[in-house]
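For this one, two forms of the same chain are given in structure tokens, first as structure 1 and then as structure 2.
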Structure 1
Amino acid sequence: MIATLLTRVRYGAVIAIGVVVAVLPLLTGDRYLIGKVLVFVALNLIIVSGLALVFGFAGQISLGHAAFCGLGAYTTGFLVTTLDWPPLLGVVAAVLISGLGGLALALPSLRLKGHYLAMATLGFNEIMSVLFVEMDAVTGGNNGLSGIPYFSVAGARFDTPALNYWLVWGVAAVVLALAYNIVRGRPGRAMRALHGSEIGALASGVDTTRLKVQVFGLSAAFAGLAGALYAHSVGFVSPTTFSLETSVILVAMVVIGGSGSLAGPVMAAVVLTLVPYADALVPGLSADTVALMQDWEADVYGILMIGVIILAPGGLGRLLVSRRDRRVAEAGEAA
């Protein structure tokens, strides 16, 4: 009874949030909010969905997802501006290249036990940061690539901030649904089995290494997709966007959100993405305060991450789940 009620409340909340997100561009014409800030929230949701799967499934963190994001952004940026490809093909190529890059990185490092993946991804991000600057002919070096058009497909142009907002949020919704299905479906069940008993899972024919590699490849493809949509949203890519610092901020969202759920990292991604853009949401906030918050962004997230690891190892998602379970249990006893 209580459980189905809670499920209904949760579905209701998801639908309500969906409606608010969908009608927002009709209520406000704020180009900064609709054209940038909330698009960045959706893009980070796409990346964090994948990172949450990697954290929850493989128990690993990636310090290279900003680089996969950059790989996607530069791929479509180059193909569309320099080679005149249609944006759809540019985005598809971005997803494929980042996904394959993710598989190539995960395959050797996930075969070994331990935190080789974190090391490999850290090195990957540093190498890609250098390549984004040095491969001048493709990436435009320090100047980056500019003049990237809004996304369009078969005559449908997403060439206003509102249309682009709907496109990116639409993609984010699909990615979230996909991630949710993976957690709830066969792969998620196999991974919960692995956490229940590794021998039991292996004896049942669960190929754990393969599962982890696939999930990492998918998460890299998600990051590439987000990067490609970023390029088409802002029309410009530059190397500093995809630094190791960005990777750390992305991982912070997942760690703070927790490994137990998708909802935790999703909420953390929304809140932490909005913090540096508080001026767009809170009227009358002084520019100095906002600048200060942006300067200390990575540091604040680092401290938050440490705080969560010490005070609530399961993350915010776990905290919510256990609070809810407790409530259900108490209700059951009372009945």
Structure 2
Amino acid sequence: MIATLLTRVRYGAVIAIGVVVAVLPLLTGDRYLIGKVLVFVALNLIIVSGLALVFGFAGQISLGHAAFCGLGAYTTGFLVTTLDWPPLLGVVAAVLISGLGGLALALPSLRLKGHYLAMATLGFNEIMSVLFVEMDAVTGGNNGLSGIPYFSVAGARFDTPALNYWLVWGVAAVVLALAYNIVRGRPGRAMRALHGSEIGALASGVDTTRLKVQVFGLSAAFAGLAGALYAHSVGFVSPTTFSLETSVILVAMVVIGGSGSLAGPVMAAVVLTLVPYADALVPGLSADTVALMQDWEADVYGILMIGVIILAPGGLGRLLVSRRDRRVAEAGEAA
């Protein structure tokens, strides 16, 4: 009874948040907040939802997701601006190429675990960073790729901050729903078994090799989707956007959010994405205060990670689950 009530409360909270997100452009005319800050939040949610599957559930670490994001951004940018492809086909191609890139990286890395897998994905990110600069004819080199139009499909153009906001958040909602259904179903149970013990998962009949490749490929496709939407939202793609630092920040969101949870990484992604844009959320902040916060951004992420590792090793998600379980147990004892 108590568990059912908590489930209803949780679903009610999700619906309430969804309504607030949907009507927010109607409540404010702040083009910077709607057209940039909150769009970046949604884009990071798309990436983190896939990274949570790889790291938080399957136990495979990746420091290369910024590269997959860049691969998706440059793919749609090149196809749309140079080859005059429709934006929809450009985004589809970006997702497919990023997903195939994830599969190509996963296959030779199957024997790697822990720090070795992290180093392999880190190397991939560095290789792609060099290619984004050196493949000048496709990427524009250090100058970047500009002139990328807003997303459009069947004559409908998402060419205002509000329309683009609804597009990106709508895609983020679909991706989060897909990730939630994956972790709640049989694939989620298989990933948890893999995370707990690969030998135990094999003994239980889980094809761990196939599972690793599929999860990594899907996660890379999510990152490519976010990169493609980023390109159409900003209209410009630069190599510096998809550096190793970006990959580390994305991993920090999942670590702080916790393993075995989607809600934790989602909350962490929202908070950590908003930190550099405090001036858009808190009126009256001085320019010096904003500059100080931005200068110490990486330090804040590091301090948060250390604090979570020491105080809540399972992350925010595990902490929330533990509290919920305690409330259910206390309610059962009281009854």
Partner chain sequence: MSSDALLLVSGLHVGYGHVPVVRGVSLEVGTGEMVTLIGANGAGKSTLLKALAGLVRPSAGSVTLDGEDVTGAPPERLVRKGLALVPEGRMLFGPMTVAENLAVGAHTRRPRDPGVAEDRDRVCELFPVLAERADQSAATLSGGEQQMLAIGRALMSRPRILLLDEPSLGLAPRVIGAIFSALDRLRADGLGILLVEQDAKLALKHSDRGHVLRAGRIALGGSAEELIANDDVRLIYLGAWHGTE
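By rigid core we mean the largest C-alpha set that fits within 1.5 Å across both forms. Counting starts at 1 and follows the sequence of structure 1. All values derive from a computational prediction rather than experimental measurement.
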ask   = Only one is the form predicted on its own; which?
value = 2
query = Relative to the superposed rigid core, does the CA atom of Arg157 travel 2 Å or more between the two structures?
reply = no
ask   = Core-aligned, does Leu194 move its Cα 2 Å or more between the two structures?
value = yes
message = Rigid core aligned, does the Cα position of Leu274 differ by 2 Å or more between the two structures?
response = no
